[in-house]
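A single chain, nothing else alongside it, follows as structure tokens in the form predicted alone.
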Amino acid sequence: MANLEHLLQEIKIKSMLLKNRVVMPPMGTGLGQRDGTVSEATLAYFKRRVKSGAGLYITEISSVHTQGSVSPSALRIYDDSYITGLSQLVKIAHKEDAKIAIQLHHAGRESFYQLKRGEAMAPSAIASYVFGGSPKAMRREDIEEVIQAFGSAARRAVEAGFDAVELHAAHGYLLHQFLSIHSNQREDEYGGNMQNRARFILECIQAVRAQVGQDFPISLRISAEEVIKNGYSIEEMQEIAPKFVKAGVDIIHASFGTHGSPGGIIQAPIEYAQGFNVHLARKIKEKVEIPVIGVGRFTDPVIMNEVIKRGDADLIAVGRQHLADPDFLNNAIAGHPERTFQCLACNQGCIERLIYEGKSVRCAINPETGQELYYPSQPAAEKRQVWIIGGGPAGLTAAAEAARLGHQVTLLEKEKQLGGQVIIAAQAPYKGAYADWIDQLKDRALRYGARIKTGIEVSESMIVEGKPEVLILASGAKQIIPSLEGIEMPSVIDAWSILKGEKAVGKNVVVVGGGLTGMETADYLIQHGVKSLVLVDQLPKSPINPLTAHGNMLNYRLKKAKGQFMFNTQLSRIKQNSVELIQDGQNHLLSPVDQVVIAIGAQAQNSLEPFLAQSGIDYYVVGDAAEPRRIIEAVEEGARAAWNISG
């Protein structure tokens, strides 16, 4: 067992005694009912998270006001009718000897739901960074109403049995909007200098304290630094933090950034090291004598322990890791940290799914997350012989889940190495953790009893002879190579071969394809010394959303390396030292070009499906074998296939 003595120390904050220093921070789930009440899915999700053994759990945002919800399914606490449902979360936490706080929240202008209804309010009528729509500027009576709403919500939290409350004054929501010059241009006592802009937060804290009494803990989540051009600095926050404490705050939850911060830094991508932001917590601690929660893409309890030991923070917020594998702390305590699936910070299921797709929470590498009501925990009543063809993320997930449920599982992979496209993508900069995950997924499947064989290409006759009762086809995808003059030239290579290191990187390179594979291959080329780089795509712009965390980083690095983007462009001919292009109907010649990398996508590799359809065998087609997509779809489909076998 690793030495976690500092992380596992108790800490007492007013009336609340925490058994350790691990905190699960608020994370939106989209699992609530459409009326903002707690659903069975919410309870199941929370019950699984509480099994992590953390000392404090802070619920997802709960709206204190009718015009403050980020979405219809976001939890609410602006009426007494919500108390009963919220109290069920309290009972779940207390049953596991954990403490629970509820986060009191008002979205202000950062709610598409409220903007669309014409009910969004903010300090000033300045458009949302994310959604573009303009809110109405709050009148004095609006301000007073919301202040009282925070107080009333805190009173309901006490009645529901919560151990603490947290006010959300970070990440661009209403309280933060008052603090920021980018959203607050008022000319009354709530605008102007930093002291005035903090007035609204201070009055909300005072209203909450008046309702909960002196011994009830109040946490304040802040963006310790705004991380945006002309935004406030950590030094300015150091000046105002003691005033928050004087107003009644007992814990400062030192987050960072706002919706307008570049690089999706609030949901930091894998490029950022664990604890990269904890220096801000240290800065706050220099000015206050209350506990400070540090944040920053934490996944490893050993690193968390070191942060506490150094005195950089008093508690550690562990967010997305609670989605990827809520057993991370228990595994470390038991001496099996290698069993923990560390969060890949891909944001596919937890951020992008909620914000860009409008769906409920998932995790790309943990199919249980958000599906706790459907996740089979008991062994299958009927054990079946299951073959899985393909050892990428879909196949390995299916193998692990089917074996966990007691089936006799054999996985057959035609390549010598498991992992499919993921193991290739893991060669791109910053993505080595993806290869580690594949290794862990393999180990999990083996630990549950699956048999794994590599270097075997399955034929129809093998299936007939083997007589599997169920077959899961997870054979992945193959690259699309276009029919094009010059495509056979030695200077032309596919992206996978480049990433696998099968060919040396050229000096003057054209990458054909601006999707994730093309962008990450370009990133790899930059890291390996390419001299000039042109990325070509037929689309009008890159399909990689620059607003996503990883997408922003890819775009930033390519621009920094002076890579040239050519969209609305087709490759028409490859020549000895040049390529011919057509952009917006105009012909172009690029020269010199000594390497052309093809990264235009992949197509399903499922040649066995017609045979399976006629064979009478129960079968499923999953992952890229059904349609090339992301890890999250591959993992969920692989898991669902295994679950469906068990009825």
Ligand SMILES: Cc1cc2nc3c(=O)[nH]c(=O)nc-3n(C[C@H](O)[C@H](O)[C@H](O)COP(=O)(O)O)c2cc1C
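Here the structure is a predicted model, which means the values were calculated and not measured. When you see a residue number, it is the position in the sequence shown, counting from 1.
Separately, the form predicted together with the named molecule exists; it is not shown, and the next lines address it.
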{"property": "In the predicted complex, the one of V622, A599, A54, I61 near the named molecule [non-hydrogen atom within 4.5 angstroms]", "result": "I61"}
{"property": "Single option in I102, A317, L554, A324 placed near the named molecule in the predicted complex, where near means a heavy atom within 4.5 Å", "result": "A317"}
{"property": "Contact test in the predicted complex: G296 vs the named molecule, heavy atoms, 4.5 Å", "result": "yes"}
{"property": "Non-hydrogen atom contact I351 with the named molecule in the predicted complex at 4.5 angstroms", "result": "yes"}
{"property": "4.5 angstroms heavy atom contact with the named molecule in the predicted complex for H168", "result": "yes"}
{"property": "Interface membership of H407, the named molecule in the predicted complex, 4.5 Å heavy atom rule", "result": "no"}
{"property": "Segment assignment from 520-528, 343-351, 545-553, 474-482: heavy atom within 4.5 Å of the named molecule in the predicted complex", "result": "343-351"}
{"property": "Residues in 10-30 with any heavy atom within 4.5 Å of the named molecule in the predicted complex", "result": "P25, P26, M27, G28"}
